[in-house]
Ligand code: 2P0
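Just the one chain here, laid out as structure tokens, in the form predicted on its own.
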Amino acid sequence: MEKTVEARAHANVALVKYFGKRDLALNLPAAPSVSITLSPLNTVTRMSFTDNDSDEIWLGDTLADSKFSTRISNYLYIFRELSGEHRGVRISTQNNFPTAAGLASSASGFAALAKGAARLFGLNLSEAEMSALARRGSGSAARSICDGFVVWHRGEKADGSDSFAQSIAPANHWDVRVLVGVTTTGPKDIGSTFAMERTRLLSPYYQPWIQTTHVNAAEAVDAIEQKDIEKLGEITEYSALAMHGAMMATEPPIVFLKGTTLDVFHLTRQLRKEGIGAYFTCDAGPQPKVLCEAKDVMTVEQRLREFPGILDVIHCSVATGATAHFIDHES
């Protein structure tokens, strides 16, 4: 029997956002970004070769629709070309958190897929090469390959070979936490790729924001190295507000934030007035996230859980990078 690969990758939260691409086909970012890989938010993907040349894609217990299956098969073509192996692949993938709801499910999903495919197809790749391949599936997946605190380089080359993510500090470097306030479990009305392209083309604030991102990324890396929560938190809040501001300035406006999202932003500021080092961020979705150090996390979590409009709170710590290994069919 064919061996099965099991791959696991975690979601990530960008503290310095990259929202916008300089090349859509290769998912090359218009700016660098800085992120934290998050546990326990993860995707587990199992992959094995089939006896024919067609792929079979399962999302949990449900056979994927033709649109998603085609996207995955097109992505696997990269690995077939690199390896010379053209058999079909059976894939089963499962997230342990809501999909397409602003929680980076595509990041963990494509990072797990890339890591697993590289193992299944027998490719020996460096972390940078692995990150660049994950990026081809979903831009932010480049970051979910890596351990702990991560920077994704914009790169300058047209082929994208210098646009990859790398760990700037391991998961055990600094015990910070991210609390995800779940405001909805349903999918977003607008996909991230569509939103960022419309923002790039139509927002008058897009280019000024991109210019500040380069500076913010360098400062965020320094703050992480120095374990400076105040400096990192200020950069994190600015980047999130600037990104959403650029989106809301398009015509028609793109608004992911809900009333509860904004109320959590104000709650976070109130916590700081009380002497608690808490800082907010939010990706292209309605789920607010609060960054804090471990010493403050119980207080912040309690306040979030009691907050009107918050359905659940996911307590995240810093995670290690993506993994893949062969398993027995019985396991």
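These numbers were taken from a predicted model, which means no experiment stands behind them. Residues carry their position along the shown sequence, with the first being 1.
The protein also exists as the form predicted together with this ligand; that form is not presented, and the subsequent description refers to it.
Put simply, of M130, I235, M196, I224 only one has a heavy atom within 4.5 Å of this ligand in the predicted bound form, and it is M196. Using a 4.5 Å heavy atom cutoff, K17, S140 and S192 all lie near this ligand in the predicted bound form. Contact with this ligand in the predicted bound form, defined as any heavy atom within 4.5 Å, is confined among 258 to 266, 56 to 64, 276 to 284, 300 to 308 to 276 to 284. Heavy atoms of M243 reach within 4.5 Å of this ligand in the predicted bound form, making it an interface residue. This ligand in the predicted bound form comes within 4.5 Å of no heavy atom belonging to S48. Shown alone here, R71 lies within 4.5 Å of this ligand in the predicted bound form, counting heavy atoms only. Proximity of N42 to this ligand in the predicted bound form: non-hydrogen atoms within 4.5 Å are absent; the residue sits far from the partner.
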